[in-house]
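There is one chain below, alone, in structure tokens, taken in the form predicted alone.
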């Protein structure tokens, strides 16, 4: 049962699609507290056995207890344990114990969840504003509460079939010939591949919806050339629009008043990749449609997938911030020996990006009224992605377009997927990727994944292999790395046999994975689940976070530690253990309930099949086009009946 409580006059987010009446019943699970300024917080006692799930894209574990989280979309690639905010804000939690309930705070501004941080036995939820909607969901079990919530927020986005193929990205492939070389290496090494990404350098001076004629001449012909090799090109679209006379996107947006403003009504300016930019006001329906229709040029060129980026929105600087820093430097006493002043000096330069005072200076127009950006900050990337998705419905209604975003909020899951942002080539981020998948699924995001191998810092062969061995099960399977890091393509580490084997297994899994993914989307179910959801009475299973259930059929036990020769797994019931190498089964046995150590080499992938279920594998292929065009697919059925 879902109950709705209205506070103040909230700005609609359209996260919830079902129409619920405002409840006049008292809050059943939370205590309400109002401070002297009229701000409201909610609290509840947490029992010793309570587990707290949710928050989608957040740091730490599946169980969120013991930390504090601030839902305020943040451009920060260093996802270390102390971080309170990441790229997305998903304000939904489930408290699971003797009494279970769900809480969704529908609010585009910052919301803080203190989940046993200040007091381990207490949950405190604090919206930063007085205007929001609170939803309480009652249920007997966590999975039932999640199902109710998913029904309330609407069906998840369904990506095209080819988007389950392996995808290769880097910041940046600077020319068409760079892309051709990537494709050549993959094809000659017989490593399956379906997409290559174009980062910001494909554009002319980082201007949205442009293509550099010098680096990517005859772009439409190039797109077709890649399609003939089974490759989709996926260009990036950033939120900021370059301020430049003669640039049609800028001139149209300015003439029609579609950019965010300052309080005085002038267009807000910040520095991002193109230099001085304006930000489209995606909260205006007219501005959304205007921006979305600009995707048409790339669609006409044959593009069938996009990734929206820098849409928290990220700001490198504002002119006001630079002016304040310069004034500080001019007044600074460089002869002083005060070390505290020295550290303050360094923070002045590093603190120019993504300043809260700059967000507070930006305004949107909502229903004809100015609204400070901080009130709707978490909605910006969501509404940018909505702009594109709604345009695709208008421009290419009969075609599925790949679309995902860096910044997100609940509701965006209906329009596109997400990737978990600019992570690092750290073993800890592989583990974070594993733990984040169920939390994202709870919030409706099923087409999602991390940058496999890690985006920043230098990846190693063993880390990439272990990450791919988990990534072959995630809907978005993309290898992505940053400018200045070592090459991270699967052919860049010498011997390619292990990479070919793991990615070939992905292609044998694609028909099964895509079918389960679509079913989960259509039925408001989860693709990735914590063991506790299906084994709630098993106290060991309730506290395991490094094993996941995939749909109803499989249990995944990825290896995520450097130099490990395998790992210990816990089976809540007997299961069939299957070990793959070179996309073939090399070992299969039924293991009893309990703890087991399994040996897993770097080129191997472990899978457990649950009782009464099976795993269907098709024949190998090097592209999804080869899979979908086959008149009959040879099928291997691995079952545990």
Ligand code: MIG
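Since the structure is predicted, the reported quantities are computational estimates derived from the model, not experimental observations. Residue numbers count along the first chain shown, from 1.
One more form of this protein exists, namely the form predicted together with this ligand; it is left out here, but the text below deals with it.
Visitor: When this ligand is placed as it is in the model of the complex, which of 126 to 134, 194 to 202, 107 to 115, 519 to 527 ends up with heavy atoms within 4.5 Å of it?
Guide: Answer to the contact question: 194 to 202.
Visitor: Would you kindly say which of 143, 304, 422, 374 lies with a heavy atom within 4.5 Å of this ligand in the model of the complex?
Guide: For this set of options, the contacting one is 422.
Visitor: Consider the chain as shown here, without its partner, and state which of 380, 455, 467, 291 has a heavy atom within 4.5 Å of this ligand in the model of the complex.
Guide: When this ligand is considered in the model of the complex, the option within 4.5 Å is 455.
Visitor: Would residue 283 show up as a contact with this ligand in the model of the complex if we use heavy atoms at 4.5 Å?
Guide: Flag for residue 283 set to no.
Visitor: Would residue 222 sit within 4.5 Å of this ligand in the model of the complex, counting heavy atoms only?
Guide: Output for residue 222 is no: heavy atoms all beyond 4.5 Å of this ligand.
Visitor: Quick check on residue 236: any heavy atom within 4.5 Å of this ligand in the model of the complex?
Guide: Although this ligand is absent here, residue 236 would touch it in the model of the complex, with heavy atoms inside 4.5 Å.
Visitor: Would residue 309 sit within 4.5 Å of this ligand in the model of the complex, counting heavy atoms only?
Guide: Heavy-atom contact with this ligand at 4.5 Å: present for residue 309.
Visitor: Could you run down 169 to 191 and flag each residue that has a heavy atom within 4.5 Å of this ligand in the model of the complex?
Guide: Counting only heavy atoms within 4.5 Å of this ligand in the model of the complex, the single contacting residue of 169 to 191 is 171.
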